[in-house]
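Starting off, we have a lone chain in the form predicted on its own, written out as structure tokens.
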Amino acid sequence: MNENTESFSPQDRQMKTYSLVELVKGPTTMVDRGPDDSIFAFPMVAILEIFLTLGVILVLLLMSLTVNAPLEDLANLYETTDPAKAPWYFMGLQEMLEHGHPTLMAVAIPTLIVLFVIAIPYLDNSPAGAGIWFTSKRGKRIALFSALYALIVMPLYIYLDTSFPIREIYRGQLPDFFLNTVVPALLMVVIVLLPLLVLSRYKPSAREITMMLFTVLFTSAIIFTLVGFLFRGPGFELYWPWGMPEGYSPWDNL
């Protein structure tokens, strides 16, 4: 970059507030990316987003026309609803409350997950494979392994922790803070990071690590939501959806 300063008047030179400091040779994010390798945000992506928005609106409209959602009777101050379930979008948090201290399960862990999602662009800033689903064939295998791992381990954790709760078994023998906070936190850390130990043997990239963690967390969130919605019945105990006692049906919460 050259700048011809002879065309500037003395007054323009005094008012100039910028200067060329340094030129560095290096690849840009558009190296080997010509027009044929690019997808323009408008109109291609914009049209897809419009179709997606219209599809969501159509689904919500059909649900509002077909699903009856009447107001319930006034709450009885002397009788608690059993089970008292949160809306489906908070059901995962309510299920997590069954496995540890509220500050840990409903505040600390969700905050860490949100911070992790925000930090993903800073943890993985490589342009290689950008815009490609799962980046590569190896990325697809990592995502599939992570999802299958969460689908097996998380329901097993929920069942074991509900059937044999350490907090109740050792209540009075160990400090409550240790039982309700330290133990559940350690279990969650081990469950989430265990596949990372397996992946570390293959020298993963930053993108593969974030992909693995995100897949485990995302799949776990779905599992906690479905368990709380479909498998929790009266007393917030675990039942099969078709074997709920007292005529309760989880679908009544829709």
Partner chain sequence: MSEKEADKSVPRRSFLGMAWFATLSLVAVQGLVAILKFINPVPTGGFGGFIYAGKIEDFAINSINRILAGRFYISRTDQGVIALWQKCTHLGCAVPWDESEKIFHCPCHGSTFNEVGEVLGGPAPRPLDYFPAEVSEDGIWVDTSDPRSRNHHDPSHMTQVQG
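Positions refer to the first chain, counted from 1. For clarity, a rigid core is taken as the largest C-alpha set superposing within 1.5 Å between two forms. What you are looking at is a predicted structure, and each value in this text was computed from that prediction instead of being measured.
Below: the form predicted together with the partner chain, not depicted.
Asks: Can you work out whether residue 83 and the partner chain are in contact in the predicted bound form, taking contact to mean some heavy atom pair no more than 4.5 Å apart?
Replies: Answer yes; at least one heavy atom of residue 83 falls within 4.5 Å of the partner chain in the predicted bound form.
Asks: Answer for residue 97 alone: is it within 4.5 Å of the partner chain in the predicted bound form, judged on heavy atom distances?
Replies: Because a heavy atom of residue 97 falls inside 4.5 Å of the partner chain in the predicted bound form, the answer is yes.
Asks: May I ask you to check whether residue 102 falls inside a 4.5 Å heavy atom distance of the partner chain in the predicted bound form?
Replies: Result yes; residue 102 sits at the interface with the partner chain in the predicted bound form.
Asks: Can you work out whether residue 141 and the partner chain are in contact in the predicted bound form, taking contact to mean some heavy atom pair no more than 4.5 Å apart?
Replies: Result no; residue 141 lies far from the partner chain in the predicted bound form.
Asks: Can you name the residues of 201 to 236 that have a non-hydrogen atom within 4.5 angstroms of the partner chain in the predicted bound form?
Replies: Sequence-ordered list: 235, 236.
Asks: Relative to the superposed rigid core, does residue 76 relocate between this form and the one not shown - that is, does its Cα move 2 Å or more?
Replies: The answer is yes, as the C-alpha of residue 76 shifts between this form and the one not shown by 2 Å or more after core alignment.
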